[in-house]
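Take a look at this single chain in structure tokens; it is the form predicted alone.
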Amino acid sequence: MRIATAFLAGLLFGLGLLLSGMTDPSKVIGFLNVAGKWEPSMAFVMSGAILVSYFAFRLAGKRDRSWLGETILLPSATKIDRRLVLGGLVFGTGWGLAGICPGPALVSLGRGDSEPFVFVAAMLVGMGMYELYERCPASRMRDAG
């Protein structure tokens, strides 16, 4: 049941990304180009995502378990620190340069073009580098101090 539910949720998310145009880098870059030929349709997509997320997180915050009986683990960190700001800057810069983020990149793999494969490969390398950094004892000492 868990696998079927995860598959259906992923399928629904992927269809949403396709239908909204989030898998089209030129459309995303057009939305971010507020000084040029601006693409406003992404504002509706993001507003819809924020609205759905707002109610979903409020509902999840009132429950201990999901509808499938899994423990609900919500983020507990409330501090805006250097790591969060730097991570947001790196993510936002990459999104603005490439016009694609991880979810749409995974959906775009189905097109068979080379660009999504290059993006996903770079993403996996970055994730691996972060994992290695997190395992490094010196990184934990820097973050604590």
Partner chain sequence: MTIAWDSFTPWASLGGGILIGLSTAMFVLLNGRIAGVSGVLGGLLRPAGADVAWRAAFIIGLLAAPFAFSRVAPLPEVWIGADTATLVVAGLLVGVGTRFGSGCTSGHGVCGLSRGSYRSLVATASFMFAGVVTVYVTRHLFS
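Remember, predicted model here, so these are calculated numbers, not experimental data. Positions refer to the first chain, counted from 1.
What comes next is about the form predicted together with its partner chain, which does not appear here.
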(request) Evaluate residue 136 for contact with its partner chain in the predicted bound form, applying a 4.5 angstroms cut-off between non-hydrogen atoms, and reply yes or no. (result) no
(request) For the heavy atom contacts within 4.5 Å of its partner chain in the predicted bound form, list the residues of 1 to 37 involved, in sequence order. (result) 2, 3, 5, 6, 7, 8, 9, 10, 11, 12, 13, 14, 15, 16, 17, 18, 19, 20, 23, 24, 25, 26, 27, 29, 31, 32, 33, 34, 35, 36, 37
